[in-house]
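A single chain, nothing else alongside it, follows as structure tokens in the form predicted alone.
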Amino acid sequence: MTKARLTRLGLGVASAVLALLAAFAITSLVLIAAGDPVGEVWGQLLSWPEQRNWANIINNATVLFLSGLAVAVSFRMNLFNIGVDGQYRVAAFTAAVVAGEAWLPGYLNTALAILCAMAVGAIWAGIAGVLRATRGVSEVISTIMLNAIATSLVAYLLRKAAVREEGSNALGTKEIPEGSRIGGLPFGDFEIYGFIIMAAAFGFAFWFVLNRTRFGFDLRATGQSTTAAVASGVSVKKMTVAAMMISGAIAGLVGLPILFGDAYTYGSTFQSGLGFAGIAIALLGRNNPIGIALGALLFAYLDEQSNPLQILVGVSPDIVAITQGVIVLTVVISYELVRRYGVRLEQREVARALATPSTDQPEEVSA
């Protein structure tokens, strides 16, 4: 490993550590200001989870990883896809309806539902991409509006497609047949989502496409400089739409681990808010699949450990939401500070190299 690569790796680790330490300090100050027991809160949050809790952490992290991956695709194109929350809602509802109808047997039905979910997610995100490419509409504004539309649309369609259980006011689609469900993987005495294998496969595909293909190079180049991309013959408009659609397709997978591994139906109580967490996780992981996975595990760990805070310590579990928000802010600040420090190191290395006389110059021959 070269010195430059080691330096970049060290700076990356240093920025993450700096962000976590700053978040720890700021959260502690918030607890002190509120009069809460700082030591007991951190003792609970940092205690080693039980096996059951670890299974919950891994399951939650699988979902958050897919959410962060979807956001990271748009980030690499210098786009801000805030619409993952709406995209996964529409996609999960579509997958639930298709899988519940059981038009195909067994896992063929599962595959059809997953493809439909990805297609719907891609189309929903593609609307914002087309608006950005053809009319210059900010994807931030359009995806926020599409989130609201998606929430209302799914609620309306759910009433049309729902099957109400006797003695219950909950609405839900038809239950997915047992042969089309994705079985869990053994984890001690418990199980984790089998969908974790597909999540890992999509993480590898994300890395490979962006770093080992021409399309990935064009996408990254366009995100860094549209002028340079145009000069090299890349269509910025096509790349904008493509990046948003790929982001939406991955967003379509976010709710599927829950749908095929736990809920087996899409209802009014289906888990929400997963898309917004992906933004923070993508920032924390610096748009790298491994970093996103670690960020997803961290957020899932904090969520799981916060559940008994109210009972054991008498502190609202909302303190974890504050911690997660502070982590995002400190990550952005620390990454920028470390980036500037890295630039200064490079400038010093260049200046030192220029100041050192080259040994390759031929010696002057005296007359």
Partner chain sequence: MTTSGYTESIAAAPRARRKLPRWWFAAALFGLLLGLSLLEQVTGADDLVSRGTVAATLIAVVPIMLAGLGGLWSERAGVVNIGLEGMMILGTWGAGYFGYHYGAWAGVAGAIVMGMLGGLVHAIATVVFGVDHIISGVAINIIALGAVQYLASLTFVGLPGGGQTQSPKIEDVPSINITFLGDFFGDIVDKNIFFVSQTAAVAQALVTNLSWLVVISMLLLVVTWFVLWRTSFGLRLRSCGESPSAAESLGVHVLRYKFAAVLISGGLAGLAGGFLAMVASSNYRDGQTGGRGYIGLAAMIFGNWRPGGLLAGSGLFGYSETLGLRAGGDSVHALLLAIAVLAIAAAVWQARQQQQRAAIITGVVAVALGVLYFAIDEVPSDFSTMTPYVVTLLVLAFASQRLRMPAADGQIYRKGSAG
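Heads up, when I say rigid core I mean the largest set of C-alphas that superpose within 1.5 Å between the two forms. Residue numbers count along the first chain shown, from 1. Just so it is clear, the structure is predicted and the values come from calculations on it, not from any experiment.
Here the subject shifts to the form predicted together with its partner chain, a form of this protein not shown in this document.
Though its partner chain is absent from this view, in the predicted complex it lies within 4.5 Å of a heavy atom of just one residue from 338, 302, 31, 58, which is 31. Out of the listed residues 198, 145, 119, 185, 145 is the one that sits within 4.5 Å of its partner chain in the predicted complex by at least one heavy atom. None of 176-184, 103-111, 153-161, 288-296 except one has non-hydrogen atoms within 4.5 angstroms of its partner chain in the predicted complex; the exception is 153-161. Of the heavy atoms in residue 241, none are within 4.5 Å of its partner chain in the predicted complex. Using a 4.5 angstroms limit between non-hydrogen atoms, residue 97 is distant from its partner chain in the predicted complex.
Heavy atoms of residue 137 reach within 4.5 Å of its partner chain in the predicted complex, making it an interface residue. Interface membership of residue 46, defined by any non-hydrogen atom within 4.5 Å of its partner chain in the predicted complex, is ruled out. Once both forms are fitted on their core, the CA shift for residue 58 between the shown form and the other one remains under 2 Å.
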